[in-house]
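A lone chain, given as structure tokens: the form predicted on its own.
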Amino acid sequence: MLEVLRAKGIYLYGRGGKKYIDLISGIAVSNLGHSNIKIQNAIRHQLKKYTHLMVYGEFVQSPQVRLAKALIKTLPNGFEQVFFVNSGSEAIEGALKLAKRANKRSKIVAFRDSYHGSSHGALSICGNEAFKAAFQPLLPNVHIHNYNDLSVLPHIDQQTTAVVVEPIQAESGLHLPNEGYLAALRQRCDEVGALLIFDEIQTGFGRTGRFWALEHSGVVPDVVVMAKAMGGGMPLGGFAASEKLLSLFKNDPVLGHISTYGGHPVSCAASLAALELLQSTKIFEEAEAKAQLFISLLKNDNIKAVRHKGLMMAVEFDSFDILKPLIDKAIEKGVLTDWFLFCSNSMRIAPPLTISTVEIKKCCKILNEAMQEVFAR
């Protein structure tokens, strides 16, 4: 168990002054590093004004308004509003409700080894049966299909309310969509009147080398779900759509989706600072080159494959029994990494986007040493 006393940049500091290179960023949260001064200043500035007021429309709160406007500018044409919540799970719940409200259907199509959160509805569309078996019965009429398999298309029919998909699968151990796959889902949803929902909770805010992962394919969904790095280290989530879609929550019933702390002004201030910093520095545009540096420097015969998009990487080994001692040894040597929820034989590498080439070389040297020691046994 590692007790962290403070964190700065890519480093976590434990007792005795020992520091650790953070290669997981709180699971793709700290894209701009820990204790970023601009984000901290935005938090302090908002704290002096007010914290929680009311989120049901009685008060106009500038942190929410400014953030929503800035987010819409990052998205393709057609996205006009953002509904703020507290987390990715809650954003998925809102997106599912929005789809059901839009077309009065109940069937949901999702994908094997997908992960969308742990609340009731989000867990229902999780693509791993073992992960959700203890909590059955969950939502009915959820149909799970293989990612990247076009045989799903006939199953997206006139009873389908939504197709929920990660534009890049994360917890499966990093799997990219085949060429044309997301476009085929888009076309089929259009044919039957289902909503296409992209879960960008892990992939958004620069993680994959673009601000949104959807930019890699050019496919535009009906709803984009966001969280994690969105908050700049503060709890925040949201889902964006057209005004026509989100206005459905205004009636039948009134307040069709509500969240007491959703769009908390301090979180929104932190998020806006993070967004503006990402846009001004374009640090995410360096993600692919930095990933290639990792790939070129990590050397060991036990590495079976490296999958990645930007600084969202999976280093595959034969088994968890091989990987776990390596992760433990790396932590002992001062590098924090992890495995994936549904891919326990692959090492997660997702450092803050601010990691430098010098720091990459340093942590790769440590990881190589750890591999040599563990695999020499």
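The first residue of the shown sequence is 1; numbering continues from there. A quick note: this is a predicted structure, and the numbers were derived from the prediction, not measured.
Just so you know, the form predicted together with a small molecule exists too; it's not on screen, but the next bit is about it.
Undergrad: Is T74 a contact residue for the small molecule in the predicted bound form, using a 4.5 Å heavy atom cut-off?
TA: Outside the cut-off, so no.
Undergrad: Does Q202 make contact with the small molecule in the predicted bound form, using a 4.5 Å heavy atom cut-off?
TA: The answer is yes: Q202 has a heavy atom within 4.5 Å of the small molecule.
Undergrad: Under a 4.5 Å heavy atom criterion, is S172 part of the interface with the small molecule in the predicted bound form?
TA: Close contact is absent here: in the predicted bound form, S172 is far from the small molecule, nothing within 4.5 Å, heavy atoms only.
Undergrad: So in the predicted bound form, does any heavy atom of E166 sit within 4.5 Å of the small molecule?
TA: Contact check for E166: yes, within 4.5 Å of the small molecule in the predicted bound form.
Undergrad: Using heavy atoms only and a 4.5 Å cut-off, determine which of G94, G233, G209, G117 is in contact with the small molecule in the predicted bound form.
TA: Here the answer is residue option G117.
Undergrad: With the small molecule left out of view, which of S124, T161, S267, S87 would have a heavy atom within 4.5 Å of it in the predicted bound form?
TA: Here the answer is residue option S87.
Undergrad: Can you pick the stretch from 296 to 304, 130 to 138, 177 to 185, 108 to 116 whose heavy atoms fall within 4.5 Å of the small molecule in the predicted bound form?
TA: Answer to the contact question: 108 to 116.
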